[in-house]
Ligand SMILES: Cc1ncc(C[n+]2csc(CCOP(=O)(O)OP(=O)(O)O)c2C)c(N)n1
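Shown below, as structure tokens, is a lone chain in the form predicted on its own; questions about how it binds or moves come after it.
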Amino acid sequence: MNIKKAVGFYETFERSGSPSRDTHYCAGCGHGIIHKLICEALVDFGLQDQTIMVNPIGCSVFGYYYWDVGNIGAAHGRAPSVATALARTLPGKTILAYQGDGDLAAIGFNATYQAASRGEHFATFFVNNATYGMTGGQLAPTSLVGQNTATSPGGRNPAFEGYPLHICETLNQLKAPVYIERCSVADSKRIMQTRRAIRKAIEIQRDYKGYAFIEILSPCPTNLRANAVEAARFVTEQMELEFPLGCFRDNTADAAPRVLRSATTNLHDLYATNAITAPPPPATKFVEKRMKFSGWGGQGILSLGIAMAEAGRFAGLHSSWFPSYGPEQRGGSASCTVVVSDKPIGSPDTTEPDVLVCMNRPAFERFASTVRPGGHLVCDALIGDTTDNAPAGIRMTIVPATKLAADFGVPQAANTVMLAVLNHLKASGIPKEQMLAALDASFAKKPKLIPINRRIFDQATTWCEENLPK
């Protein structure tokens, strides 16, 4: 009898600290079968070297020790978010998300639902074994009515725990998914049906046709307290009654291949609106700047950050905008972080900003000590006297931005005043032309405000020239 060696895996698995060909999965678990079917398809289609697998939290968290592809980890339930980022920034790659029912159907359900609704270009393999397998067999969103688990010892009671979630049926309400199927690995016949479904989902990625979702019913002998045969019978005789197998949607034939967009697409084209065009990018090398803007909601903090991020984009640079604010529309704390760089940005947040703008005293007290040594702190005069607690080792500038905006006739324009101050101080490193283009773009839907804010910017610049050191 000839046994074919599984392909697409590393030659040895190093998870235990010594070379081995043993996985960590329990005897009778379906994960190993599913891994084999996925890897086999990637090798057959010649996609192994261009595939990135997003590994979740759950029984398959150590999958990256096994499949010989690009691997990236994701926070609990966030595989769809990571896969979305990969698909959008690495066009042409084959992106696969691999998740269990606790990971996908509980904490990660909304991420999956929204990715499917958008029709993101990746495939999700959803392993449904009706339990939280890795953490001790607690009740999962897909546990059956009456099923005994570690947290439902008397059986799942719909009056208390609700009914099992049907993920395929839920996603089938959406317009965007190309392919949705539920299958099983409980016996040989079902495994062959699953093999076909997995290959189709991967072909959809190869042909760049959109979102595919494969749910795979899988036995979990350990948490069922059953042997392999009994666990497989649980899948076929009980789980399939609740989760019937079948193809819910296959639009493969009608789905047109998507146009690949380069990750270096000219950002000027994406952000030029209402005939507002960005000046050509600067030719000099740009030193990355991490900036934080903070104050009250209603002071234009988030808008100021957006304008700075847009200025970076108009300059042909990578930029990100990361907001943080309370539930209040006005009066609550608000802040945002902007990163501008000539290289791809790894994180949109920062703990030590190069530039910090504080529009009120609470923002100063909370963030002033975080400015990087040698960085720049720019504050509205509203912060009051800082003689006793001004940070050492940084450049600090105080400007009556709110008062100036009122004196200039537009009290709401303190953020425009502050943008002019940052330009005068050359704190961001972005040329004036791009900052003005971004200011114009921020009022593209209210063009009458463009000349008004241009005037505020010019008046604030004049004030800076007369009152701030060169």
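So that there is no doubt, residue numbering starts at 1 and follows the sequence shown. Computed from a prediction, not measured in an experiment: that's the story for all the values here.
If you look for the form predicted together with the named molecule, you will not find it shown, but the lines that follow are about it.
For R249, no non-hydrogen atom is located within 4.5 Å of the named molecule in the predicted bound form, even though that partner is not displayed.
When the named molecule is considered in the predicted bound form, I107 lines it closely, a heavy atom lying within 4.5 Å.
Shown alone here, C59 lies within 4.5 Å of the named molecule in the predicted bound form, counting heavy atoms only. Using a 4.5 Å cutoff between non-hydrogen atoms, R118 does not count as a contact of the named molecule in the predicted bound form. None of 50-58, 435-443, 419-427, 404-412 except one has non-hydrogen atoms within 4.5 angstroms of the named molecule in the predicted bound form; the exception is 50-58. Proximity of H31, H76 and G133 to the named molecule in the predicted bound form is complete: all three residues have a non-hydrogen atom within 4.5 angstroms. Proximity to the named molecule in the predicted bound form, taken as a non-hydrogen atom within 4.5 angstroms, holds for one residue of E310, E181, D380, D101, which is D101.
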